[in-house]
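Single chain ahead, by itself, as structure tokens, in the form predicted alone.
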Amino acid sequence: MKAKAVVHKEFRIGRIDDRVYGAFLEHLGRAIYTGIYEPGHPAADEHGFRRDVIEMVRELNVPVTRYPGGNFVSAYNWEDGIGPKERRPVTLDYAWRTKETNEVGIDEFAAWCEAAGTELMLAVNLGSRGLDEARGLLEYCNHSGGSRWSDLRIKNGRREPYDVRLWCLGNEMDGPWQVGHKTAYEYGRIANETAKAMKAFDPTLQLVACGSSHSFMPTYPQWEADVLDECYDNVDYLSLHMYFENYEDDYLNFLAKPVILDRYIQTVSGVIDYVKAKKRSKKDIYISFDEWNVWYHCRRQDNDNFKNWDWPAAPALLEEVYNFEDVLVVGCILNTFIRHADRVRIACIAQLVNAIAPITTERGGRAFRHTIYYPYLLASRHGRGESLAVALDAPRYDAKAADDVPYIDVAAVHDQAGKTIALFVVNKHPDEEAELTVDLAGFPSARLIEHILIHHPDLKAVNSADAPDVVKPQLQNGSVVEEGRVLCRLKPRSYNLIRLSV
């Protein structure tokens, strides 16, 4: 199979916001307890945080981490998680039918963020609570002192404010499953009033309103239009979520699903533009795609389990075992965000540890990297800079999820400071090697640095604590540069990173 692409130095989509490589941690299953926090573990630091997990997170260079939910936040009282731990109440989480010990709250998680080298993206509860509780949390986190909530933070051991810049106004409020679910008008009103109050405290805060939970919601895309009609002037981002599944075990259909993501972003971008025009506004709103991942391996079984169990504390929940096939889909998702750098400014893989996550821990034992850790790592490490437009001519196929799907998926990033280009390329074809030629217009002195490959002959190959390196990146001799063109040989069913010095 042969394919061609053209990348031009001057044809830029936009600067990639580093926060596109963000993540998410929720009080869900073992994400927090025995995930990032496990006092008594051999690798635990003085605060109870697992150093082995922190090391893996720091390797990913996660710029921002969303917390504490997720569905959890819509019935969460943040005050339960502050002060002396022995005085904190044990509460029930209605979202996942579990006990919450509240050993980790805002102060502990902020400390973990500092240790892990990530900034805090904090969600407020607009489900069971509202504006006043959000105002109190903001004051607790960001005010220097001399008021009720800021003085309480100082009393609890943190003198300097956390200065959280990025705030989510609730979570998935369009979803009937959400505690405190609202209509678009109801939610738009409370989001707007909460945003007004928060910006009265600090007009430089960046606020994220809830968009659709996925593009198959019956209220999509009218939800976006109605919500923004109420709060456009006072928010900065619109949140979108999407998870990818392969229940049919249909490889090519699974690899076509990122096309739905592409159209989802395009549609919501159009809605944003419509509301902007309707309001005669000069202000731009961007997309925060703050939940995304592959999620289906244990989803149905988990759904049955948590509906029937008796409120356990930190149970195993949503602990997906990712395979090599998932690497290719995650690679295409990340490429889609890169290609929409002009619209998508924040994205958070959901989640980071144990629950639908690239990192898994054993209670009291080892931690290891799932297969999907690696495309996320490579994109975060080498996908920062300017997103370049890619003109692609490649064979295509039709699938149930989408028609006219290219077998080759490409994103290009120009790092002007490092004087490099990164080509992220997925060959989806199940059987055929691809010969991809990329013309590098405006980069006459390009030369190859390396070709990194993720490939395995078995689509269902997985990593585990006992065999952590079954699927991982390796150097490949599959590319050469000749006269301003890159000639790439791509294995069938492969994820590739071609790095060039320019």
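All values reported here derive from a predicted model rather than from experimental measurement. Just count from 1 along the sequence shown to find any residue number.
Keep in mind that the form predicted in complex with a further copy of the same chain is not shown, yet the notes after this line are about it.
Per the 4.5 Å heavy atom criterion, a further copy of the same chain in the predicted bound form is contacted by stretch 171 to 179, the sole one of 171 to 179, 275 to 283, 386 to 394, 111 to 119. Shown alone here, Trp311 lies within 4.5 Å of a further copy of the same chain in the predicted bound form, counting heavy atoms only. Within 4.5 Å of any heavy atom of a further copy of the same chain in the predicted bound form lies no heavy atom of Val271. Mapping the unseen interface onto this chain, His414 falls outside it, with no heavy atom inside 4.5 Å of a further copy of the same chain in the predicted bound form. The closest heavy atom approach of His143 to a further copy of the same chain in the predicted bound form falls within 4.5 Å. Judged against a further copy of the same chain in the predicted bound form with a 4.5 angstroms heavy atom cut-off, the residues Asp80, Tyr185 and Phe201 are in contact without exception. Proximity to a further copy of the same chain in the predicted bound form, defined as a heavy atom within 4.5 Å, holds among Arg369, Arg158, Arg135, His297 only for Arg135. Between a further copy of the same chain and the residues Pro430, Pro89, Gly365, Gly418, the one pair within 4.5 Å by heavy atoms in the predicted bound form involves Pro89.
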